[in-house]
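For reference, the chain that follows is the form predicted on its own, supplied as structure tokens.
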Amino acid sequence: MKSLKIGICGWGNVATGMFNALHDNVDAIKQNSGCSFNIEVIGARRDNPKCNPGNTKIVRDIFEVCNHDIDVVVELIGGVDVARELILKAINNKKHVITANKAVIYHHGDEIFTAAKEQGVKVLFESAVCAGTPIIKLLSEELAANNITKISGMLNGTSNFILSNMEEGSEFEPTLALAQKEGYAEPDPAFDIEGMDAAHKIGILSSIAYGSPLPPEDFYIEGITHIEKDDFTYAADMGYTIKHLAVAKLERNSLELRAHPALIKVSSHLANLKGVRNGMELDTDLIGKIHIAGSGAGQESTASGLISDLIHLSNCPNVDSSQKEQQKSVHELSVFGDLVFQYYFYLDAEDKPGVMASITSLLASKKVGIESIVQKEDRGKDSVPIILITDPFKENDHAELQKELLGLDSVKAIRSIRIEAE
């Protein structure tokens, strides 16, 4: 039986979730993988009253863990700077590293992987993207023979929970408060609802699939705070729903990276994933579209991903067997303004003759085609919603068109959402 000696750095919810899973599922792990794991030491600045580590040695200096007789350091402290320092110390001490920390991989991945290669150790991070939903090793190993042209999906459970509830008729603010109450959103939810969490994850996946650098160049990131519940009603009338999508797409040697809300067809696989679930769609040349869905957060899900890395490390300790040198990307990052989308526009307009004509005339002058335009029921106060779906046009022209539409005397307010092509 293969065995690993483990040092854990951090003793919060994720660490204790892994500790409990290793203890509670020990028989299943041995039976399914032939591996056994022994936690030799835990680096914890303070105790966690929710988990008793038993006789496991506790040290208060997390950096001291790297000096113990262990095979692998499991970094679960979170953050960026201290985590980077800890990981590099573990690597320099010839310890393998497993982490669930997407931020440190996103910001310092290339530096960390280079150091690991030089020292002959592995850095594994399955739980850094979508927790226990398997995607990292799927991309790097199982699909290695495929050309992957697009990765897209909902990579942030908080955003998907909020949008799913808004689709059912809830307002944004009460749904955010519910997400915080249920533990799906942090007290400061900005990282989730402004799109940064999903951006970090798609940046990591792009690095694996396309060799883009970590950190990547700046790319377009937009959150969900401007979406209204009425947008779901109007989108549904046209066969769409709204999701926060993170996208990496390779086309003609140009790499798209973006994370923003988008209308997607209600008939699509991703449209049907509700709540805190993460979901991804991969376009491959050998086996077509692949759909992956699962829990993207939580103790148990993250523990599953961490233990999968422990099993992988136990079965494949030789670095050369699976951790090949990452080839740097030769793909240029697309200029977001050059991309082409269809757009959904909501216009709050005065209920008077000539409104529709002024809108269509402006679009015609901008050479922007109209797929559909509908005037909805009067909302009162002489105001009507007008729902517009454009033909595809360049992102560069989007902001100017929106500004000029808002400049029409009859238009009081406007919002827009991109439509993701199938």
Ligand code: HSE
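One rule holds for the numbers: they count along the sequence shown, beginning at 1. It should be emphasised that the depicted structure is a prediction, and the values quoted were computed from it without experimental measurement.
Although it is not shown, the form predicted together with L-homoserine (HSE) is what the next lines describe.
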item: L-homoserine (HSE) contact in the model of the complex: G296, any heavy atom under 4.5 Å; value: yes
item: is_contact(T158, L-homoserine (HSE)) in the model of the complex, heavy atom dist at most 4.5 Å; value: yes
item: L-homoserine (HSE) contact at F113 in the model of the complex, heavy atom, 4.5 Å; value: no
item: Heavy atom of K122 within 4.5 Å of L-homoserine (HSE) in the model of the complex; value: no
item: Contact stretch among 310-318, 192-200, 265-273, 229-237 - heavy atom within 4.5 Å of L-homoserine (HSE) in the model of the complex; value: 192-200
item: Selected contact from F219, Y346, Y343, Y184, since only one has a non-hydrogen atom within 4.5 angstroms of L-homoserine (HSE) in the model of the complex; value: Y184
item: In the model of the complex, the one of K137, R84, H331, K102 near L-homoserine (HSE) [non-hydrogen atom within 4.5 angstroms]; value: K102
